[in-house]
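As a starting point, one isolated chain is supplied in structure tokens, in the form predicted alone.
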Amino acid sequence: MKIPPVKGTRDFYPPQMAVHNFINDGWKRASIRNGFEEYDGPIFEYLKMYQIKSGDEIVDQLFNFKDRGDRHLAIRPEITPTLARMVNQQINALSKPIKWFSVPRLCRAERPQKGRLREFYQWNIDIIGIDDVLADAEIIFTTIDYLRQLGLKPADVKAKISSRKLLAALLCNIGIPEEKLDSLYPLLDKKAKLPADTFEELLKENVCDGAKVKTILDLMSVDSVEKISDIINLNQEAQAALDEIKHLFDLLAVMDIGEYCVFDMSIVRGLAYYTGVVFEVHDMVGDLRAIAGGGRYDNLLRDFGGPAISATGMGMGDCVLEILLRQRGLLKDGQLQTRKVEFFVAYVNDELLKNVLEITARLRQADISTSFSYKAQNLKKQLKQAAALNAEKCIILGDELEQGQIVIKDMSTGEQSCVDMGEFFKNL
């Protein structure tokens, strides 16, 4: 009986692994060139960690279990709680700001759909210890820096940016009780996913005041920070939050990614733990879900028993990103090599196999990828095998070996030359 992979998971055969490495390696390069350090944590944690961050309703979305010690654990669906726990453990020993990144393998017990699987990889970048939108600008810049390096243009993707602080101030300004905000955010976050009339009806159920409903609908449709003051009179708190978001856009323009960034008040991010700037990166051509998302979460470390310290971050999954790259023609089947062979060592007769192994071993010890034929076959077939392996050059052992010489064949041009073997190894 053939056993298939579990629904919502992926098998990474060499071609798929090449794509996986292409994405992951790009994430790591973007992180490092923007000054982030890599970290990781356990693949499972105490279930309570995720309940603290996301509430008890998160339990049904996780793969959770009890271990032999009757401890309730969960396979990690995200790594931000792990980050908070790790930072809290060494908070006094860590120099600020903390700029960390991670590319964890994550699992969520949910219905698989396009761009959303039960098992996936996610790029996370976080800056902890900077209470200034400059840190938010750094997070957004690093995100766009990676996407831009892939060849994605402003016409392809946009970072839609808003502010939870600004939204909270505006809602309180029109008379929405502060204690009701956390329950209202998840609904506002669904605006783009619901028909307009459905969203309005749900909003009326939550806000029993026609004038307030209209004001909220007007605010959620705003696409420019300048238009907010036309809808509502700003109190001191709202004005300060508005000035902050304007400053953020000024910074993003200076960092030369202004074309990639737009203001969008409908970006709310459903989780209650966001406290300031929030953003999502969206595909501007198709109908894909958000490519990336994040924002400021100044209270999370405190919620995990640590000090009140500023933090902001971003997460980007590999599933939606791969779909987007394929749709834009930036990633094609067969485009990425599954392996790289610098030298293939071929030989004209079986008596030379010992020499083949000696040369192969010396090249590999010099950290040069090298291969050879495991079975005796004529030179033509060996050269064909070398081409199939995408070998850059072929070393051919023949009668010249008696004089200490080998033949080097360039597989791309077909040119070949006879060189002294001692000089060849000396010049590696």
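The numbering used is simple: start at 1 and walk along the sequence shown. Being a predicted model, the structure only gives us computed values, none of them experimental. Definition used throughout: the rigid core is the maximal C-alpha set that superposes within 1.5 Å between two forms.
Not pictured, yet referred to below: the form predicted together with the RNA.
- Three-residue candidate spot Ser54, Ile396 and Asp410; every residue lies within 4.5 angstroms of the RNA in the predicted bound form by at least one non-hydrogen atom.
- When you look in the predicted bound form, the only residue of Gln149, Gln113, Gln335, Gln90 with a non-hydrogen atom within 4.5 Å of the RNA is Gln113.
- The contact residue chosen from Pro77, Gly276, Gly313, Gly317 relative to the RNA in the predicted bound form is Pro77, the criterion being a non-hydrogen atom within 4.5 angstroms.
- The RNA is not shown here, and in the predicted bound form it never comes within 4.5 Å of any heavy atom of Arg33.
- The RNA is not shown here, and in the predicted bound form it never comes within 4.5 Å of any heavy atom of Gln16.
- Contact annotation: His282 falls outside 4.5 Å of the RNA in the predicted bound form, judged by heavy atom distances.
- In the predicted bound form, at least one heavy atom of Lys380 sits within 4.5 Å of the RNA.
- Here the chain stands by itself, but in the predicted bound form one stretch of 36-44, 54-62, 355-363, 22-30, 54-62, has heavy atoms within 4.5 Å of the RNA.
- Along 282-296, one residue reaches a heavy atom to within 4.5 Å of the RNA in the predicted bound form: Arg289.
- Here Leu389 does not count as shifted, since its C-alpha moves by less than 2 Å between this form and the one not shown after the core is aligned.
- Taking the rigid core as fixed, one finds a CA shift for Gln405 of 2 Å or more between this form and the one not shown.
- Once the cores line up, the CA of Met17 ends up less than 2 angstroms apart between this form and the one not shown.
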